[in-house]
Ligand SMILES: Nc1ncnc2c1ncn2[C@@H]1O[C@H](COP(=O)(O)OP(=O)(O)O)[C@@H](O)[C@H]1O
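Starting off, we have a lone chain in the form predicted alone, written out as structure tokens.
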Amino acid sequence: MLKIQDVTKYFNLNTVDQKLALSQVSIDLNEGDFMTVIGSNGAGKSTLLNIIAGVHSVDQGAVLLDGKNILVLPEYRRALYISRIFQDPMKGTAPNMTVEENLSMAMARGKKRGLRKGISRGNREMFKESLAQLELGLEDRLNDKVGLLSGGQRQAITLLMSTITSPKLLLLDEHTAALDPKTGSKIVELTEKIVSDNNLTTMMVTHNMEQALSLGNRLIMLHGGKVILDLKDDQKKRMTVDGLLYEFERSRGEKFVDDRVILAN
């Protein structure tokens, strides 16, 4: 489903501030794979997602989605196939629109717009059923402005909006990091259910090693813009947090000293 081939990315190329962000990164995801991505600050995690989504160009390499080169597509064209959820729960929704208007807008993504009524009775019932599964009482708040909701409720709606049309690829960029632990756990639970129910191909960046190990069937660790660990299926199931730290130190010959990762466990 997703093939990243020898991708290299520099920032401020050919200047005194030149920085290598990714170095010959190659990753394959099969349809239905759920990959978690971990690494220290500056490892290249968000840069990788930005390249896939179309925010950044590449200096070398290729990115194929379902066999098609997406590097030639601008960000807005890739958004027809790729959904992304950010760390900030305020980014994924329109605060001055109602819950049902936000969901209706997500439903219409990639479709031709006409003069018909925007929200049909059938869509409204489907929205209620989908929101009821979140168990946050949002099915009774269809006409409330999203800006009145809590951060956790907005992130839950963003998750629903991002998956309501079953994208080819779902990108999760530390989407629980800004939430309190209880709300974050609820969003992780919802994420796992929605991804599983819809067999979505997913890549999730996280600083939480326990979360990275418990979710999905794939795990990669980035450091210095390179993939230094790639765990699949049974390898991932057998891995522990201590094992991840050991593998990092063995691969790089240095201690893993990212406080955000250690404290997240």
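In case it trips you up, residue 1 is the first one in the sequence shown, and so on. Since the model is a prediction, treat every value here as computed from it, not as a measurement.
The following text describes the form predicted together with this ligand, which does not appear among the structures shown.
Contact annotation for Gly42: at least one heavy atom lies within 4.5 Å of this ligand in the predicted bound form. Using a 4.5 angstroms threshold between heavy atoms, Asn12 counts as touching this ligand in the predicted bound form.
Mapping the unseen interface onto this chain, Thr47 counts among the residues with a heavy atom inside 4.5 Å of this ligand in the predicted bound form.
With a 4.5 Å cutoff on heavy atoms, Ala21 counts as touching this ligand in the predicted bound form. Partner contact region in the predicted bound form: 34-42, out of 233-241, 196-204, 65-73, 34-42, criterion any non-hydrogen atom within 4.5 Å of this ligand.
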